[in-house]
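Consider the single chain below, provided in structure tokens and representing the form predicted on its own.
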């Protein structure tokens, strides 16, 4: 969940993080008070919090949460004082709003796995972020074979008939159906349309 009073930034960050196959933003709050209210009904594994917001700011919100949820501060104001305040309030990481998407995504994965980033030196931080740079797919998606990924990519690009898939892949229609059955099982979907949607979510549609 994201808490930031700059709507364009918050919505842009939400859309960017949602493009990662293993991340999903469950809510965007305009201030710390709204964040606390949303968290009462919508669980989150990680929160991204701006420091300066109207009403209840980021530091006060973090103090209220008392470390119950891993929190990354994402702020325009990066200084020793703001870093110390964030650390004292319970933040486990601190990043500038100029940080890249891949850097923030890696940080989210790291803190979701229980890693505290805020006390690491630069070299240690880079090592941890590098270790969490790749999306962590669920077991079903991770077990897809190269042929199944190829079929999913075609489904996402609009090639869906068994006959056309077989012709393009130089395999029999029966083999195509066997691959599709395996894909449906691994992705917990029931038809080709759902598989295509999941392929797009996983980023497989962008493969050549």
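Numbering follows the first chain given and starts at 1. Treat the numbers as computed from the prediction; the structure is a model and nothing was measured. For clarity, a rigid core is taken as the largest C-alpha set superposing within 1.5 Å between two forms.
The form predicted in complex with the DNA is left out here; the points below concern that form.
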item: Among 46-54, 62-70, 161-169, 28-36, the region lying within 4.5 Å of the DNA in the predicted bound form by heavy atom distance; value: 161-169
item: 4.5 Å heavy atom contact, residue 157 to the DNA in the predicted bound form; value: no
item: Partner contact for residue 15 in the predicted bound form: the DNA, 4.5 angstroms, heavy atom; value: no
item: Contact of residue 146 with the DNA in the predicted bound form (heavy atom, 4.5 Å); value: yes
item: Close approach of residue 184 to the DNA in the predicted bound form, 4.5 Å, heavy atom; value: yes
item: Heavy atom distance at most 4.5 Å to the DNA in the predicted bound form, all of 6, 11 and 24; value: no
item: The DNA in the predicted bound form - contacting residues of 63-98, heavy atom within 4.5 Å; value: none
item: Core fit, then residue 169 C-alpha moves 2 Å or more between this form and the one not shown; value: yes
